[in-house]
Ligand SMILES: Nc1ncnc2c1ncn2[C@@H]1O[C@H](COP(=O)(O)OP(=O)(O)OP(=O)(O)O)[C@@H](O)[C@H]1O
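One chain follows as structure tokens, the form predicted on its own.
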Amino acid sequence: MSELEKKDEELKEQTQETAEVKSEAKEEKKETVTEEKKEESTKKEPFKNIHVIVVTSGKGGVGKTTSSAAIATGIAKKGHKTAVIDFDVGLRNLDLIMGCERRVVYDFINVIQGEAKLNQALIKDRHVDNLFVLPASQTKDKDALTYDGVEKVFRELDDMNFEYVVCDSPAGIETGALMSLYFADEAIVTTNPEVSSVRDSDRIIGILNAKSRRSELELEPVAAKLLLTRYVPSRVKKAEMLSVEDVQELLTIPLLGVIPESPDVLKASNSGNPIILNAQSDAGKAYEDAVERLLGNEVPLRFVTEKKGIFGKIFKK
């Protein structure tokens, strides 16, 4: 190898090393900036008006978005100014269940990145006054969510005199889930009556206790409550499904409600009408009960025992 070739090779190696150092420094800087933004958020005063409720779970497919839509609708029906936000960046299903998918122009990420004002992105619900939907983005990356950006949206909602903000969290512990959990005042842990779903929910409760904004500010802990969905008493009786008592024993958090399995839920979702608006459905009634309990009212627990047919009622005992 000639001297010229040796020098050229050395220069290439030096350039590669410099690029690697710069890349490492960039990653370190990115992490530092993220932590600084989080630290900046945690130092701010608590919200004045809004109460942030996150609907979460450890496992997907348990009915979080259905529950978010129903609970937000129920709270708004009680006269409270409510916003429901889709944190599932990249997928976006809340607008479908709320029946406003064709009215989406701007989304949550557009607001965070300063591409739209919050008023432009909020969609007024067509069913209930005082309810507004903030959809997620289908095209942006989950990393577009930042602690500082999410807090700015919450602060603006606070200034707009919203009372409740319901966050539809993605399943598990990805960016959107952690972000919504971090700002929560109250968490509705949604689970099906099966072991894997309950186990994953237990991990979410651990994160709420350790990594929430409230814990970092040494405020009262996030109030976690259990919402048990797709419950079938007849299957519980056959030991094919965990009972309410079994799930409570495993998770040790207060019970908010039990939502029975019902074909009405799928029909409601497909038609863009939250199930709580169906006053004839047992599932709709169960969500109404859950909202009452969420607002501090005591109502009896229904739909946890098997319904008897006419002959069962005649010949019982």
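Fair warning: this is a prediction, and the values are worked out from it, not measured in the lab. The first residue of the sequence shown is number 1, and the count goes up from there.
The discussion below concerns the form predicted together with the ligand, not included here.
Placing the ligand by C-alpha superposition of the site, using its position in the predicted bound form, leaves the pocket open: no ligand atom lies within 2.4 Å of backbone or C-beta atoms here. Between 46 to 54, 288 to 296, 60 to 68, 249 to 257, the stretch whose residues reach within 4.5 angstroms of the ligand in the predicted bound form through a non-hydrogen atom is 60 to 68.
The contact residue chosen from Asp107, Asp95, Asp88, Glu151 relative to the ligand in the predicted bound form is Asp88, the criterion being a non-hydrogen atom within 4.5 angstroms. Only one of Ile123, Ala171, Met241, Ile207 comes within 4.5 Å of the ligand in the predicted bound form through a heavy atom, and that residue is Ala171.
A residue is said to contact a partner when one of its heavy atoms sits within 4.5 Å of a partner heavy atom; Ser262 meets this definition for the ligand in the predicted bound form.
In the predicted bound form, the ligand lies farther than 4.5 Å from every heavy atom of Asn278. Residue contact with the ligand in the predicted bound form: Lys225 places no heavy atom within 4.5 Å of it. Taking the partner from elsewhere, Ser269 is found to have a heavy atom lying within 4.5 Å of the ligand in the predicted bound form. Taking the ligand as positioned in the predicted bound form, the only residue of 207 to 236 that brings a heavy atom within 4.5 Å of it is Arg230.
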